[in-house]
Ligand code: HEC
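Only one chain is shown below, in structure tokens, and it's the form predicted on its own.
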């Protein structure tokens, strides 16, 4: 009987013998097919994957974007997934619906492939965008067309439909949610100048889509040149501010093309004016028992907040400008008009 040690030795010897043998070469494989334009596979890949570092730079910028790093892709239910997840956004672009068919499994954040047609045609068109079409707003009864790439942003950066919807001269509304308002991204509405509750007052409202910043769109400022020392702003970071040597700096590279003398976002004290109006409105609403000090609406299904249309509209206006987060920059005239007339309606 072969001992255990002897058997192991035989196995080792057999392995060595087999590894030293080489059989006849197999038949050659098929050549890869060239593209329709005559390029071979290498030429196809190096359109993007080349010795330049442009792609790497954009990828690194995206790693500083709230889209990729904000953690919001956990909102993967059917109504949230359309903007909070990569899969949901791609699905509704194909279906034209406002919700996904199902909750998104293994949700992914908004990333390069959400916006770009990467590896669709394996040519220059892969840099193209998933959509550049005009967008019918969910709230505001308007179709926004900022032109080209800016329309891509509008798909998600817009108000959600208000429920209940205050109607001037209509019935009182019963608010049952502490989150009543436009949700977290009403920038397209503000930029276009629609969706606010337009209370009559001393200020006139501009016609939608007619001001200079609407013509500028989103990309000019939010994807402006990366500033010196500010690799977490500009480009594909989409960020307007960055930390530099312990202080918060503003990326004005997208602004100075039109406002040559601009040195900070608070141009002509616009942001100071808007912040002052917001503070006055919030103070009144807190006193009235409509908002908490932190800005949440004091309402629930068990204890509804019943208000007149103008009162509920005042909350809508305040929350819209709070969530817009530009402090008036997106649409200066519209913002000041909306807040001034709201403050007047509250008796201040």
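Remember, predicted model here, so these are calculated numbers, not experimental data. Positions refer to the first chain, counted from 1.
This protein has a second form, the form predicted in complex with heme C (HEC), left out of what is shown; the following refers to that one.
_Stretch in contact, per heavy atom within 4.5 angstroms of heme C (HEC) in the model of the complex, of 268-276, 199-207, 168-176, 226-234_ = It is the stretch 268-276.
*How about residue 329: is it within 4.5 Å of heme C (HEC) in the model of the complex, going by heavy atoms?*
Looking in the model of the complex, residue contacts with heme C (HEC) include residue 329, since a heavy atom lies within 4.5 Å.
_Although the partner isn't part of this model, could you tell me whether residue 217 comes within 4.5 Å of heme C (HEC) in the model of the complex, counting any heavy atom of the residue?_
The answer is yes: residue 217 has a heavy atom within 4.5 Å of heme C (HEC).
*asked:* If we define contact as a non-hydrogen atom of the residue within 4.5 angstroms of the partner, is residue 153 a contact of heme C (HEC) in the model of the complex?
replied: Close contact exists here: in the model of the complex, residue 153 approaches heme C (HEC) to within 4.5 Å, heavy atoms only.
*asked:* Would you classify residue 319 as touching heme C (HEC) in the model of the complex, given a 4.5 Å non-hydrogen atom cut-off?
replied: Looking in the model of the complex, residue contacts with heme C (HEC) do not include residue 319, since no heavy atom lies within 4.5 Å.
_Partner-contacting position among 95, 133, 241, 102 - heavy atom within 4.5 Å of heme C (HEC) in the model of the complex_ = Partner contact (heavy atom, 4.5 Å) among the options: 241.
*Contacts with heme C (HEC) in the model of the complex, stretch 183-215 (heavy atom within 4.5 Å)*: Residues within 4.5 Å: 183, 184, 185, 187, 188, 191, 211, 212, 213.
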